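What follows is one chain in structure tokens, specifically the form predicted on its own.
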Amino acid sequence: MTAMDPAEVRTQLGRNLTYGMLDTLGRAIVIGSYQDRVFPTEAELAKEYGVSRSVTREAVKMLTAKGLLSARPRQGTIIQPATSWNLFDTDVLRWLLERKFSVELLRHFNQLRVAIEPEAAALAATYAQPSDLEAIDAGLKRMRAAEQGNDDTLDADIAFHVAVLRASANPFYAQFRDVVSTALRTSIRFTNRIKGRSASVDDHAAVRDAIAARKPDAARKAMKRLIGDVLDLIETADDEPERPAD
């Protein structure tokens, strides 16, 4: 790794040095930059990046909370195995998706979705308030607008799914929205590239219609079918070669 001028490094970290350090170190850990060397001490990190010890200490503390690092007596700070990383943390998930485009990772993510979102849709058909139904309908309208080039395809699709999760009236499902938003951006790009088109608005409309009609079973089946189509596409695809992070 070529040494950089501390002032240049500070500029790259951004105005919030702690979160800049968090993002820089987290990404480096996940992509394997420290695989063949000992993780630096706080003093070494402070010197390398031209920041205070308090900044590096806080960044390391945050990475520890995410499961990427651990501090042990007489061993210093060490990188934890990937099995210890918090995959529900959106930063960790984002770094993983940037590390290597992996069909297997997307398969695992959509397997989780199919276990969560159909039930969220069924709950939405039972508990959704008028404002929730409006938000779901707004997401669908955005998807239709995106087909005409008048909205962002990814943002519209994500808005629909997040609205359904919120409409479930279940706080645990609702908090799943951040994971969905992060991983769907990669998943949607991938499946759209295979199909040569964006997600089926009619399939999403079937979910909306079932929720609006207060039909839990129909909502569950419609959402399961929607995600099942994504899994079918993933099952027919091969892993792509590693690509650089954006």
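One rule holds for the numbers: they count along the sequence shown, beginning at 1. Bear in mind that the values here come from a model prediction, so they are computed numbers and not experimental data.
Just so it is clear, the following notes concern the form predicted together with a further copy of the same chain, a form of the same protein that is not shown.
Participant: If the criterion is a non-hydrogen atom within 4.5 angstroms, does every one of 64, 108 and 175 touch a further copy of the same chain in the predicted complex?
Facilitator: Per the other structure, all of 64, 108 and 175 touch a further copy of the same chain.
Participant: Is residue 115 one of the residues lying within 4.5 Å of a further copy of the same chain in the predicted complex, judged by heavy atom distances?
Facilitator: Output for residue 115 is yes: heavy atoms within 4.5 Å of a further copy of the same chain.
Participant: Do residue 129 and a further copy of the same chain come within 4.5 Å of each other in the predicted complex, heavy atoms counted?
Facilitator: No, residue 129 sits far enough from a further copy of the same chain in the predicted complex that none of its heavy atoms falls within 4.5 Å.
Participant: Would residue 169 count as a contact of a further copy of the same chain in the predicted complex, using a 4.5 angstroms cut-off between non-hydrogen atoms?
Facilitator: Judged by the heavy-atom cut-off of 4.5 Å, residue 169 is in contact with a further copy of the same chain in the predicted complex.
Participant: Is there any non-hydrogen atom of residue 119 lying within 4.5 Å of a further copy of the same chain in the predicted complex?
Facilitator: Yes.
Participant: Among 221, 27, 215, 57, which has any heavy atom within 4.5 Å of a further copy of the same chain in the predicted complex?
Facilitator: Contact residue from the list: 57.
Participant: 175-183, 200-208, 44-52, 29-37: which one contacts a further copy of the same chain in the predicted complex at 4.5 Å, heavy atom to heavy atom?
Facilitator: Heavy-atom contact with the partner occurs in 175-183.
Participant: Just give me the residues of 64-89, first to last, that have a heavy atom within 4.5 Å of a further copy of the same chain in the predicted complex.
Facilitator: The stretch touches the partner through 64, 65, 66, 83, 84, 85, 86, 87, 88, 89.
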